[in-house]
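Single chain ahead, written as structure tokens, the form predicted on its own.
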Amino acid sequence: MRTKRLFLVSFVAILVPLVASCGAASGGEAAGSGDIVVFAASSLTDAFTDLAAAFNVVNPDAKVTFNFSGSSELVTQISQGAPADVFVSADDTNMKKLAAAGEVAGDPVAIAKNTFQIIVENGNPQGITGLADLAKPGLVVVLCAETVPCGQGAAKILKNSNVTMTPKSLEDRVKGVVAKVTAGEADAGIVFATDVQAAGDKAVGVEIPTDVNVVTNYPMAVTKEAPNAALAQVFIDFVSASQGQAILAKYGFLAP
């Protein structure tokens, strides 16, 4: 009887950790841990800050740090050796440029799309109703430089609408355009629709007709030299899944 009892105790001692192990495996993806640095287009600032908070609830042992800037600037930084685990571009062009340099691991994942609006100060003091108004004498307009996605989009929109104008300045990121308009240093600019929404009550957007507007894609990828490639992939999966997509939609991004 004692022998049987000892056998049963030993069997249970072996079985319990096995069951616990199986339960962890079948309970869904294991939580990620460690640190990652995400290089992301500046138009993603608010949405990704919110995403990181939601990600940390699911992955309490993970820490996400961001570097927000113009997509082309981020490509330059990564190509020059800046430590990044994830790159998110506001267009396909810059992602392809980084991939061509051998700095991307695997295939990029499309996480969102975006489109453009004319941004003006709250109340629209200049009464801007459309793209043609941007060419009016005396109107101060700022745009993004064509080296970044918001500038490329703006240039294409103006070309599509046959509007010729000279901007007061060319900013290296979309947030620079928003800042000048909301501070009263410029009357208008062309930015991503999500940046107008992010400006809150400091700005309003003037719609751009669909037939001349531009839709841009947001690809996301693990970098080739990612210090924590495993957690980087977990973060990308989170952004691509339902909770991440819901947060992006809340900030005005379109489904990929």
Partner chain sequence: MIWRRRPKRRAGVPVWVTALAAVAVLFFALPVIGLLWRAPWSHAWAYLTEDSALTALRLSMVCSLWATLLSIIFGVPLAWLLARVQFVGRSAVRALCMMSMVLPPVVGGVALFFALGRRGIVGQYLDRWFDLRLPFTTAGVVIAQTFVAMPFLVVTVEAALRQLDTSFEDAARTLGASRWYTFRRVTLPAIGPALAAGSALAWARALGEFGATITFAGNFPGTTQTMPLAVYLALETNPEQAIVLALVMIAISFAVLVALRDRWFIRAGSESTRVQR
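Remember, predicted model here, so these are calculated numbers, not experimental data. Numbering follows the first chain given and starts at 1.
Although not depicted, the form predicted together with its partner chain is the subject of the following passage.
Undergrad: Non-hydrogen atoms within 4.5 angstroms of its partner chain in the predicted complex: do A145, V148 and A183 all have one?
TA: The answer is yes; A145, V148 and A183 each reach its partner chain.
Undergrad: Can you say which of 136 to 144, 155 to 163, 84 to 92, 103 to 111 gets within 4.5 Å of its partner chain in the predicted complex, counting heavy atoms only?
TA: Stretch with heavy atoms near the partner: 136 to 144.
Undergrad: Considering only heavy atoms, tell me if D187 and its partner chain come within 4.5 Å of each other in the predicted complex.
TA: Because a heavy atom of D187 falls inside 4.5 Å of its partner chain in the predicted complex, the answer is yes.
Undergrad: Although its partner chain is absent from this view, report whether K97 comes within 4.5 Å of it in the predicted complex, heavy atoms only.
TA: The answer is yes: K97 has a heavy atom within 4.5 Å of its partner chain.
Undergrad: With the cut-off set at 4.5 Å between non-hydrogen atoms, does N124 touch its partner chain in the predicted complex?
TA: No.
Undergrad: Heavy atom to heavy atom, is T76 within 4.5 Å of its partner chain in the predicted complex?
TA: Because a heavy atom of T76 falls inside 4.5 Å of its partner chain in the predicted complex, the answer is yes.
Undergrad: Would you give me the residues of 147 to 183 that have any heavy atom within 4.5 Å of its partner chain in the predicted complex, in order from first to last?
TA: Heavy-atom contacts to its partner chain in the predicted complex: T147, V148, T166, P167, K168, S169, L170, E171, D172, R173, K180, A183.
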